[in-house]
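To begin, one chain is listed below as C-alpha cells, in the form predicted on its own.
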Amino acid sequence: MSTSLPKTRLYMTKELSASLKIDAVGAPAHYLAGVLRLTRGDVLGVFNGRDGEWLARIDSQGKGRCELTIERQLRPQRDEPGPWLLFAPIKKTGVDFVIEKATELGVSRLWPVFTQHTQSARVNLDRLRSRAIEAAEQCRRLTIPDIAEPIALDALESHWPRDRRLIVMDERGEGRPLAEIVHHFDGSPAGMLVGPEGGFATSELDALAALPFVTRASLGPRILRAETAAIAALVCWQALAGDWNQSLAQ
C-alpha cells in the first residue's frame, strides 16, 4: 500500500471531482474536528463508492461543519465484486463484529436472514450501514457493501438470482469441506449463508439442500459460534478464490 495515501478517510455520498468544494456537516464534521482534531490545512481521503478516492483539504471550519476542497484523485474506482454474506441476526455486539470484519474481508452484500432459531427479532439497518461505512473507511475499500432488507429463510428461493451459487454452512457435517469447494470454484458469483446461534433446523437444511443453486459446505469437526463461522468462511474464500491473490499495486 502506498504511503502517500492519507491515514484519515471519509465516505461521502456526494459526487467527487477536482477543485470541487464540499461541506461536511453534522456527524462527519464532528468526526473530523471533534474526534480526529483535524484543522484547516489538514488533508484526508474521501470516496463515495463511484468516483474513486480523492485527496481533500480542510479549508475552513465552523460549528458543525467543515468545508473541504477536492484536490486530486488518489485512486480510480474499481470493481470490488466480493461474495455476498447471508447471516442470521445475532446479539448486537456479535452482529457488529460480523459487519465490521465482513466489510474488511470484501463482501459486496450483507443480507440478514431470519431462521427458525434466530434469537434477534429485529435488525437496525441504519446501524449496520454505519458499521460497514466505518470499517470501509478504515480498511481502504473503495465501496460500501450493500445492506439488504432482512428476509425469511423460506422466502429466499424466490428472491435469489439463479446465476449465483449459495454455499450453505451445514453444521451437520454433511457438506463437502469448504476449502475443497472454494478451491475448485468456477468463478461465478457466490454467496455464503451462516446459520443462527442455535444452528439451522433440520427441516431448513433439508429444504436448502434441495435447491438447485445451493452447495452445502462443512467448516470442520468443531462447532463454531455463528460469528466465527461467518469470518472463517470469508477468510477461506478470499484466500483461495478472492482478491487476496491480486496485486497490491493500488
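Don't overthink the numbering: it's just position in the shown sequence, from 1. Please read all numbers here as calculations on a predicted model, not as lab measurements.
If you look for the form predicted together with a further copy of the same chain, you will not find it shown, but the lines that follow are about it.
Can we say 30, 40 and 73 each have a non-hydrogen atom within 4.5 Å of a further copy of the same chain in the model of the complex? No, the candidate spot makes no contact with a further copy of the same chain.
Given that a further copy of the same chain is not shown alongside this chain, does residue 182 nevertheless sit within 4.5 Å of it in the model of the complex, heavy atom to heavy atom? Flag for residue 182 set to no.
Quick one: does residue 232 come within 4.5 Å of a further copy of the same chain in the model of the complex, counting heavy atoms only? Residue-level check for residue 232: yes, a contact with a further copy of the same chain.
Would you please decide whether residue 209 lies within 4.5 angstroms of a further copy of the same chain in the model of the complex, comparing each non-hydrogen atom pair? Outside the cut-off, so no.
Heavy atoms within 4.5 Å of a further copy of the same chain in the model of the complex: does residue 106 have any? Yes.
Look at the stretches 64-72, 50-58, 214-222, 32-40 and give the one with heavy atoms within 4.5 Å of a further copy of the same chain in the model of the complex. This holds for exactly one stretch, 214-222.
In sequence order, which positions of 21-40 have a non-hydrogen atom within 4.5 Å of a further copy of the same chain in the model of the complex? Going through 21-40 in order - heavy atoms within 4.5 Å of a further copy of the same chain in the model of the complex - there are no hits.
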